[in-house]
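Quick heads-up: it's one chain on its own, the form predicted alone, in structure tokens.
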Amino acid sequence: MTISRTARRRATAILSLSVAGVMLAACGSSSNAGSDPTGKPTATGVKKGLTVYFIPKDTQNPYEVLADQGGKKALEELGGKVVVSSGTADTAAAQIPSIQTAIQKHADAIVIAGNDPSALCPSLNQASAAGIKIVSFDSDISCGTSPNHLFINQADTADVGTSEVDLLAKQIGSTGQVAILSAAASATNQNAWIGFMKKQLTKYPNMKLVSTVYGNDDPATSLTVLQGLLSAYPNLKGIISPTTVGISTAAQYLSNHKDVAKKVTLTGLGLPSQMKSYVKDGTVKSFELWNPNQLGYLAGYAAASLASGSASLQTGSTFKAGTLGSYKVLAPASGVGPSVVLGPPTVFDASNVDKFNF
């Protein structure tokens, strides 16, 4: 087990006490790993002073920023801290230095949104070998059985993919050419959702998927591939963008090109704060998402609980997640190891978009 800096400072303080004090402290700490300074068990069973590294897909994506803020709030409530560290590009190469830094700084846990399902595995294996607990969120990693990790799933994967197709089908009368504007081609969550979209599209024989393009969660790239789509498919009737950067970029373009917006319906996963104006001006009828702040908050509690030993990867293991309540670890499923699901996505439209500020 890696000893945190907080623990080392606490040990130094104990050595300065009298022999009797040392004995009492040793007795209290040996049986109450998740205790507050008075020796009473904490409500969550989580150790104080933990350091958790949050490694988002990139540090500039507004969605990721909100998720990281949720993680910070969770660790603040638990008496620990979050260090946000990543690159500015959605690549595994941009995330690996942050994993190495977490190892060097003896972090207690890493929470990572994988830009690639397998390229991060060697570095995460090193972290796990150093005693750092691994939690993935938003976009899972696929490293086989090593390192063991917990995936914090924003919503049931099948529900996300099928519901987006259903939203679009309702808006375009279940007929016409459709396309998908995704994030990175290697993103685990995007590919899983797209897989379920394709399955759901078989229920709508008059809707034809003509292309899937990738904007890499970069506004400029997303705009370029969007324009390519519209040029290549002049009869395109609908676009699903399961990424907040992609949908907001597409919405902005359509809002500025009303002639195109009249012909092409856009939906997907978006932030209410970014999409509100496009709903109000009629560019977008409806879209969906979960609260990314809550996703990061849940991931923070999960990481702290695993690092404290008050939760495990065993099916049925439970832990408390602050204001969100208790969560249970689900059994591994096809392509997914132990996981926890935040909850179902919310559909936003003109009737409710003003109620949400994230």
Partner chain sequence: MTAQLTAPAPAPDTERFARGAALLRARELGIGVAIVLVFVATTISNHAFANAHSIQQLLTGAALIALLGVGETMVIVTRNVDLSVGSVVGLSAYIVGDVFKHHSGFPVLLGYVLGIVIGAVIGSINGLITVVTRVPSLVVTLAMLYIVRGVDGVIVNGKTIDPAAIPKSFTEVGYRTFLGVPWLAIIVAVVVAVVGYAMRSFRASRDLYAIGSNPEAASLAGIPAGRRVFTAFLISGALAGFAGSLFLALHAQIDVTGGNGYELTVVSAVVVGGVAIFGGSGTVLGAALGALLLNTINQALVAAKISSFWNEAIAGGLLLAAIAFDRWLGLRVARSLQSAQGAHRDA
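Every value quoted in this text rests on a predicted model; they were computed, and no experiment measured them. Positions refer to the first chain, counted from 1. Heads up, when I say rigid core I mean the largest set of C-alphas that superpose within 1.5 Å between the two forms.
Omitted here: the form predicted in complex with the partner chain. The next part is about that form.
K.L.:
Give me the residue from G144, G228, G282, P205 that has a heavy atom within 4.5 Å of the partner chain in the predicted complex.
P.N.:
Filtering the options by heavy-atom distance leaves G228.
K.L.:
Let me know the one among Q252, S174, N148, Q200 whose heavy atoms come within 4.5 Å of the partner chain in the predicted complex, would you?
P.N.:
Going through each option in turn, the one that passes is Q252.
K.L.:
Which is the contacting stretch out of 133 to 141, 72 to 80, 160 to 168, 242 to 250, given heavy atoms within 4.5 Å of the partner chain in the predicted complex?
P.N.:
Looking at the other structure, the answer is 242 to 250.
K.L.:
Do V65 and the partner chain come within 4.5 Å of each other in the predicted complex, heavy atoms counted?
P.N.:
Contact check for V65: yes, within 4.5 Å of the partner chain in the predicted complex.
K.L.:
With the cut-off set at 4.5 Å between non-hydrogen atoms, does F196 touch the partner chain in the predicted complex?
P.N.:
No, F196 stays farther than 4.5 Å from the partner chain in the predicted complex.
K.L.:
Using a 4.5 Å heavy atom cut-off, state whether L209 contacts the partner chain in the predicted complex.
P.N.:
No, L209 is distant from the partner.
K.L.:
Even though the partner isn't displayed, in the predicted complex is V213 close enough to the partner chain, meaning a heavy atom within 4.5 Å?
P.N.:
Answer yes; at least one heavy atom of V213 falls within 4.5 Å of the partner chain in the predicted complex.
K.L.:
Only counting heavy atoms and a 4.5 Å limit, does any residue of 264 to 286 reach the partner chain in the predicted complex, and if so which ones?
P.N.:
Those in contact are S273, Q274, S277, Y278.
K.L.:
Does A130 count as moved between the shown form and the other one, where moved means a C-alpha shift of 2 angstroms or more after fitting the rigid core?
P.N.:
A130: C-alpha displaced by less than 2 Å between the shown form and the other one.
K.L.:
Fitting the rigid core first, would the Cα of K263 be found 2 Å or more away between the shown form and the other one?
P.N.:
Yes, because once the rigid core is superposed, the C-alpha of K263 moves 2 Å or more between the shown form and the other one.
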